[in-house]
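Here's a solo chain for you in structure tokens, the form predicted on its own.
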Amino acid sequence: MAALVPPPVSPAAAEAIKPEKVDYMDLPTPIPYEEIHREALMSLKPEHFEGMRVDFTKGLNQRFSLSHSIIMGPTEIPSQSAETIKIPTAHYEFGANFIDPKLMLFGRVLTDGRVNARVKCDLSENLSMKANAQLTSEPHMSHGMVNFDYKGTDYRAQFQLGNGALLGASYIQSVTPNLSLGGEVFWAGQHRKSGLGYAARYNTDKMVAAGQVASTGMVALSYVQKVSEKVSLASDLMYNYMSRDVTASFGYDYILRQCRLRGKIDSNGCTSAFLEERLNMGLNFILSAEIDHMKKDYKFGFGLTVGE
């Protein structure tokens, strides 16, 4: 009978087995509602381009810098046929940047007449303001947006105001240390349309899962698995229950000491890859490739980024 008695558990082992108690009064602050798919977007949707581009940034002091960009490549124009129509274009872009711990200003001027501006300002320790605007010579194409973000101890609230009588508000709350839930509401006064949305996000040290549904018919799901410190796998599913359109994609994100490689393939037959390699301090080489087998559309680009 003595052999059937289990060995006594030491106090240290019992303390280790005991589940960790969750302090619901000290939950982490969630990320903004609009960024719940952040990790998946970074892996699956890098900034692909076609042709050649060169970006040069020169710092004048610790806060102020100037940038120059040359972009040469074809531009797609709308067409009623299934074929993709492209025309050769070239643009020069001049930019000015001001970066301060509490204020960031970015301005861009392009040779086609467009002017872009972005502002991020910390109004207080918890309240920040972001604004962006684009002015163009084309009628009804100029737009602007202002976003206020309030960061609480375990929640986040945002309010958006845009041209065309666009109003929006969102709220996201940490429910547990890993789970956050949120919702949004918007009103587009110019088009007389309103909508609601709900979202959930679950994240640990090894994975991130997020889901979003809106009354406009959009359903978005994403999942990112961190395989190691250098490799992540990502997938997403986009479904519109109004039009019955669905797209699924799977990709990878591989970070090496001197480069970062991202690629994906989706259910529409589109395959893409994006490579960023650091050749030297302040000099990066970029390769972009995207192949759409269904549309027979092929995009290849290369570029250089000079300066930090």
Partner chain sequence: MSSKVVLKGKGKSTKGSKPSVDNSTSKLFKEWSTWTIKKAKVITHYGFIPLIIVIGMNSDPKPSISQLLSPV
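Source: prediction; values computed, not measured. Positions refer to the first chain, counted from 1.
Keep in mind that the form predicted together with the partner chain is missing from the display, and what follows is about it.
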{"query": "Output flag, V185, R192 and G197 jointly within 4.5 Å of the partner chain in the predicted complex, heavy atom basis", "finding": "no"}
{"query": "Contact flag, L167 vs the partner chain in the predicted complex, heavy atom cut 4.5 Å", "finding": "no"}
{"query": "4.5 angstroms heavy atom contact with the partner chain in the predicted complex for R108", "finding": "yes"}
{"query": "C259, heavy atom within 4.5 angstroms of the partner chain in the predicted complex", "finding": "no"}
{"query": "Interface membership of H48, the partner chain in the predicted complex, 4.5 Å heavy atom rule", "finding": "no"}
{"query": "Partner-contacting position among K226, K86, K151, R118 - heavy atom within 4.5 Å of the partner chain in the predicted complex", "finding": "R118"}
{"query": "Residue among V213, A96, L181, L161 with a heavy atom within 4.5 Å of the partner chain in the predicted complex", "finding": "A96"}
{"query": "Answer range among 228-236, 173-181, 203-211, 100-108 for contact with the partner chain, defined in the predicted complex as heavy atoms within 4.5 Å", "finding": "100-108"}
{"query": "Heavy atom within 4.5 Å of the partner chain in the predicted complex - qualifying residues of 31-61", "finding": "F56, K58, L60, N61"}
